[in-house]
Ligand code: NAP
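Only one chain comes next, encoded as structure tokens, the form predicted alone.
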């Protein structure tokens, strides 16, 4: 056996995975901090997920990110799950412990709040209700983090109402559901508007929710980052709103994972953004 330490390996598992910006982000940090480690994308099908996850630690992997379609499935495989991952019902970060156990966490809500605070430093969660569009996994992370941060109420709307009702049921009386056709109305009193749907993304349909209820005091953020400035953000900007793009959430959610895997807490700065956009 060699006395040399094993080079720590990490990566991202999904299917498809070629579009992921995580490899260029983590490789940027590894290079910046002079850490001998590697981060690779892995296209893994659902039928092979558990076998791959159980094998990776034996090959020197210290953890992986998990993306679509495996974020819920890994909850059944993990040995330990954080409270916030249980609340959200999905995990995006796995840590492979030395005792062989898989530890699942969800850092999406953390990344969302950190991005919001960086892009809109004057935003106060207690200032008023937050209007959230969408009711998928990302919405669950956003709602959990906003309630935890002190938002008095969440107005929620989704194209399929039953999913919004289920989310409201899981998170309690501070979440109020609106029909999709009424989504424009819920913006009127909102201090924050969040789009967690894929509408507005390149290759997807446009977000057609009426935005005339926006006022200049409303902070508007879109989880979509391709394009970086969505039609929602451009319209909100024209109306005088403070806007925050979705790229920062991707960057900030990666910080706790990188620190756990490689032992260094990375900074999200201009160079980080540039590396992710490269």
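The structure displayed is predicted, hence computed values, not measured ones. Residue numbers count along the first chain shown, from 1.
Not pictured, yet referred to below: the form predicted together with the ligand.
Student: By the heavy atom within 4.5 Å rule, which residue out of 129, 184, 119, 137 makes contact with the ligand in the predicted bound form?
Tutor: Among 129, 184, 119, 137, a heavy atom within 4.5 Å of the ligand in the predicted bound form occurs only for 137.
Student: Select from the listed residues 159, 84, 166, 103 the one whose heavy atoms reach within 4.5 Å of the ligand in the predicted bound form.
Tutor: Checked against the cut-off, the match is 159.
Student: Are any of the heavy atoms in residue 30 no more than 4.5 Å from a heavy atom of the ligand in the predicted bound form?
Tutor: Result no; residue 30 lies far from the ligand in the predicted bound form.
Student: Taking the shortest heavy atom distance, is residue 197 within 4.5 Å of the ligand in the predicted bound form?
Tutor: Yes, contact at 4.5 Å.
Student: Answer with yes or no whether residue 180 is in contact with the ligand in the predicted bound form, where contact means some heavy atom within 4.5 Å.
Tutor: Flag for residue 180 set to yes.
Student: Even though the ligand is not shown here, does residue 223 get within 4.5 Å of it in the predicted bound form, heavy atoms only?
Tutor: Residue 223: yes, in contact with the ligand in the predicted bound form.
Student: Would you point out which of 34-42, 233-241, 247-255, 55-63 contains residues with a non-hydrogen atom within 4.5 Å of the ligand in the predicted bound form?
Tutor: Correct option: 247-255.
Student: What residues in 101-116 sit within 4.5 Å of the ligand in the predicted bound form, counting heavy atoms only?
Tutor: Result: 108 alone.
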